[in-house]
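Given as structure tokens, the chain that follows is alone and in the form predicted alone.
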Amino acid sequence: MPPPSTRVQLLDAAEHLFAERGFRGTSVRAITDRAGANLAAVGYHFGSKAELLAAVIRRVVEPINAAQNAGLDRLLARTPDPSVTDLVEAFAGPLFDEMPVGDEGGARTSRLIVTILGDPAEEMRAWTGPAEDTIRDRFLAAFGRALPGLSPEELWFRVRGILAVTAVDRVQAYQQDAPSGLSPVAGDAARQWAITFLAAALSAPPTGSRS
């Protein structure tokens, strides 16, 4: 098998460093040193550190988005109004598929998603484009039909929680971070637990409606 190209080596190095240090904490020199490339390689292959970040995130996110889109298509082909549980499975299931426990690539993906959610750098939010907007809007519309009592703002808050819960769980599972006497749960059990929990959380009454 031929060695990976310089472009792939830069993507691999940047994914690791961005996930560990964030955007501002990662220098171009650190990326090129880890990739074994010269300092000009980032500019040559990507144009800038911000464009390299966008390429790293898209490489991770595009397979997830494609699976989410396909899952929603299958649901809507069966019924125009899928249940909350089915929608959560279509949205969260691909996250578990792309972040399996015991897989270094899955661990990097989960760490990167956690970094995207928490990094204050504007570049961590500026990478999205029409494809990501379309998937977000499709799921928000479907969840909105299933949960008509929620305001758009509270619905978006809860849907963002799916990403946060799933990514943090995958990071902790990979790191074997569990209380004494408990083992991290991998595979289908963790996926089904997450879907059950998240569907219940999304389906809770709107805030302020409880007596």
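Heads up, when I say rigid core I mean the largest set of C-alphas that superpose within 1.5 Å between the two forms. Everything numeric here is computed off the predicted structure, so don't read it as measured data. Sequential numbering from 1, following the sequence displayed.
Note that the form predicted in complex with the DNA isn't included here; everything after this is about it.
Participant: Heavy atoms, 4.5 Å, the DNA in the predicted bound form: which of 64-72, 46-54, 143-151, 156-164 makes the cut? Say which one.
Facilitator: Correct option: 46-54.
Participant: Any of the heavy atoms of V168 lying within 4.5 Å of the DNA in the predicted bound form?
Facilitator: Judged by the heavy-atom cut-off of 4.5 Å, V168 is well away from the DNA in the predicted bound form.
Participant: Would you give me the residues of 16-32 that have any heavy atom within 4.5 Å of the DNA in the predicted bound form, in order from first to last?
Facilitator: Contacts from 16-32: T26, S27, V28, R29.
Participant: State yes or no: after fitting on the rigid core, is the Cα displacement of E51 between the shown form and the other one at least 2 Å?
Facilitator: Superposed on the core, E51 moves its C-alpha 2 Å or more between the shown form and the other one.
Participant: Once you overlay the rigid core, does the Cα of R145 travel 2 Å or further between the shown form and the other one?
Facilitator: No, R145 moves less than 2 Å.
Participant: Once the core is aligned, does Q68 move its Cα by at least 2 Å between the shown form and the other one?
Facilitator: Superposed on the core, Q68 moves its C-alpha less than 2 Å between the shown form and the other one.
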